[in-house]
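Take a look at this one chain, the form predicted alone, written out in structure tokens.
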Amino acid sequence: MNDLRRRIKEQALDIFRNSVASVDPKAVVRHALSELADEIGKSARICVVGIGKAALPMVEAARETMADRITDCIALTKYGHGNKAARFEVIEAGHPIPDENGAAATERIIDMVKATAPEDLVLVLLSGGGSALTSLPAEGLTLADLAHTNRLLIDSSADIRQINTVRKHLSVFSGGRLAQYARPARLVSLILSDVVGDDVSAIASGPTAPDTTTFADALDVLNTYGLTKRVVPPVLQHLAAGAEGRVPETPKPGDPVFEGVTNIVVASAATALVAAQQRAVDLGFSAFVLSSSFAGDTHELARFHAAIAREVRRYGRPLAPPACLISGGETTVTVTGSGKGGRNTEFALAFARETDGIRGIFGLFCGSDGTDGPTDAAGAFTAFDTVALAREKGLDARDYLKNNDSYTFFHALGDLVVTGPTRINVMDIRLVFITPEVAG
């Protein structure tokens, strides 16, 4: 059985690497810029702003393509995602909790785009993680207020759209305001999507896109998750003032601010999952993409994936083994314990419990960015014997799941997946394998 387990794990990692490679930021930016050659050619000067986990390679691609045209350039990314040898300014800052580095860099970006003229082009290269990195507090708020609110939202079961609805209305950068600062220059935003449905107003809190959410919506999010009394008073006061019209709203669809703005999604989860499917087929699996847009509770979706795996194992439908079921999206975890983990290791542990002892079922669940919550892992690998192996080591899977301590659980088994930063982010990639073999 060790041979089969080892082989499936190696194949799973191979498929994951191929799916990540398919959304290489440099490649997709180069292609998009070639399509925009006429638009770029009209510009007197080009100002480049990279924001997010993929900011470094996206800006590198822009500089390699049109270095002689770029007059100003900055990349703002997560700690550990930069490069000191880069031949342009790279600033690393806090994510998912904002910090002073990010706030200071955001002020510099605002000053840079404000200095552009109508004949100039502001090229924004946007990827996941931008919301936290560009958290510049609105008047009357502090960075500590934003950080505290962010922690509360992350630990709730709020999804990324709901979290960003609040973030947009506490910041002076998100929700279309970068486009506002850049006017009257033309603005093109090339976007690597990390949200379900590729909604440009939600990716990195949509700094270049019209915002359809309101201050009232932000208050509703806090109320829905019981956070109204847990946020600091200035946050609640600011949102209430906005809902009453005493603080200006974010720019909405139809606002003249967006007349010279073009937003283009250059890669997404769907791109990565198609590549995963093709690689799985190459390796001899029947492969099927369930969806690139899964959202919701991590445990419920783990049960759903396990149910389909059991159907394949028992009845050969919708695919006959050897099969690979593929999905993407972003789930939520309600944190009630004090352990260490992220949504992918949590998913893996919940899946392992659901498939315990069902021979021939395996899974790999990873964040495409190479990080899973506040850990150094991308995710974890599971097999039908995961729970049994843990039991032999004195580990109770149920207790670890209850304590949200999935990272520690898989670390003890040697089944964490550690890739380091991939410098891309198209949400999570989930691979479920069902084999006809029970020994090997």
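What you see is a predicted model; the values in this text were computed from it and never measured. In this text, residue numbers run from 1 along the sequence as written.
Form predicted together with a further copy of the same chain: not shown, discussed below.
Exercise for the section: May I ask whether D24, T77 and A93 each come within 4.5 Å of a further copy of the same chain in the predicted bound form, counting any non-hydrogen atom? Expected result: No: none of D24, T77 and A93 comes within 4.5 Å of a further copy of the same chain in the predicted bound form.
Exercise for the section: Name the residue from N101, N83, S291, T212 that puts a heavy atom within 4.5 Å of a further copy of the same chain in the predicted bound form. Expected result: By the 4.5 Å heavy-atom cutoff, the listed residue in contact is S291.
Handout entry: Residue among L236, M112, A270, V257 with a heavy atom within 4.5 Å of a further copy of the same chain in the predicted bound form
Key = Of the listed residues, the single hit is A270.
Handout entry: is_contact(P318, a further copy of the same chain) in the predicted bound form, heavy atom dist at most 4.5 Å
Key = Residue-level check for P318: yes, a contact with a further copy of the same chain.
Exercise for the section: Considering only heavy atoms, tell me if S157 and a further copy of the same chain come within 4.5 Å of each other in the predicted bound form. Expected result: Answer yes; at least one heavy atom of S157 falls within 4.5 Å of a further copy of the same chain in the predicted bound form.
Exercise for the section: Classify D297 as contacting or not contacting a further copy of the same chain in the predicted bound form by the rule of any non-hydrogen atom within 4.5 angstroms, answering yes or no. Expected result: Contact check for D297: yes, within 4.5 Å of a further copy of the same chain in the predicted bound form.
Handout entry: in the predicted bound form, F304 touching a further copy of the same chain (heavy atom, 4.5 Å)
Key = Output for F304 is yes: heavy atoms within 4.5 Å of a further copy of the same chain.
Exercise for the section: Choose from 179 to 187, 193 to 201, 147 to 155, 134 to 142 the stretch whose residues reach within 4.5 Å of a further copy of the same chain in the predicted bound form, heavy atoms counted. Expected result: So the stretch in question is 193 to 201.
Practice task
Determine the residues of 394 to 425 with a heavy atom within 4.5 Å of a further copy of the same chain in the predicted bound form and present them in sequence order; the list may be empty.
Solution key: Heavy-atom contacts within 4.5 Å come from R398 alone.
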